[in-house]
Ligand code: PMV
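The data below hold one chain only, encoded as structure tokens and taken in the form predicted on its own.
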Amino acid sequence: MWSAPGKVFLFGEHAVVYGKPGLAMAIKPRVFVTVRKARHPPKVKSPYIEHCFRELGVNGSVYIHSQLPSSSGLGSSAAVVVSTLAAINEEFDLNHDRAEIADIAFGIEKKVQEGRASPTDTYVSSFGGIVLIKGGSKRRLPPQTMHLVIGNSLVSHSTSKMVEQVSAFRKKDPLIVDPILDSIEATCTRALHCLSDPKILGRYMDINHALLDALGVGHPSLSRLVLASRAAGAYGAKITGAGGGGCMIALCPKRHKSRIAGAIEACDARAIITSIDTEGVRRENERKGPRQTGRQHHH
């Protein structure tokens, strides 16, 4: 059994598509995958898992337990692929290292998502921590203590549709969109210098959120969650990921986490209280089974 964490975008989503920097962070909720050698494995329903076995050229059966809601912008597909590959890798003694697993995982996401995947999710899920993405390069930054509450709006969205939408807006109105993308870049760059100061960081999150709204990737239910979080005492709150639905994040004072989670749930959304995961993909001790983590446990 292996597991891998989900992720949030702290800064820079959408702008990264245009070569701007982005800041992503692995979070505590995980996907747990158990793989066994099997001569006649049952047919797998997931194209992601099917590709994992095909890519590594083996056959096996697979059992998945997830703490991450799917297609909500928290990188659940990347976590599934990374942990499945790592479990196959061990079960069949294939000797791939973490970096190779991250690469193969990105290739699989790209195939299944027809070229629209970003290497960010699979990299963050493999290595954990806070990762700065710039063009093709990725760098892990020193870990920071961050108290986050994620609000899942439960509104479904399509990443590729939102990316398309921004691209169309940019073609039509480059004079409006390019300066917004430049401003998103500036908030990300400024945020890098104050990662350990949650008050200032929260302020930049609020700005980044407003810029994403201006790009047209907001959603009324995300706005409600962002405003409710701020009113309940968050340092800052913003959309995370593609927008148009999915999730938002609130950066919180430790003592107000449950109050902010309550404010989010009062808006008919689902709250996940979490923090940074510094481990990335890891082997689990099967006898213990997945560690139960109270509140984060949503099926």
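Note that the coordinates shown come from a computational prediction; the quantities given were computed from them, not determined experimentally. From 1 onward, residues are counted along the sequence shown.
Just so you know, the form predicted in complex with this ligand exists too; it's not on screen, but the next bit is about it.
- You can rule out all but one of 60-68, 270-278, 238-246, 27-35: in the predicted complex, only 238-246 has residues with a heavy atom within 4.5 Å of this ligand.
- Between this ligand and the residues Ile200, Val155, Leu192, Val163, the one pair within 4.5 Å by heavy atoms in the predicted complex involves Val163.
- Proximity of Gly151 to this ligand in the predicted complex falls outside the 4.5 Å heavy atom cutoff.
- For the chain shown alone, Thr159 is a contact residue for this ligand in the predicted complex, at least one non-hydrogen atom being within 4.5 angstroms.
- Contact annotation for Asn89: none of its heavy atoms lies within 4.5 Å of this ligand in the predicted complex.
- Using a 4.5 Å cutoff between non-hydrogen atoms, Ser118 counts as a contact of this ligand in the predicted complex.
- Heavy atoms closer than or equal to 4.5 Å to this ligand in the predicted complex belong, across 4-33, to the residues Lys7, Phe9, Glu13, His14, Val16, Val17, ordered by sequence position.
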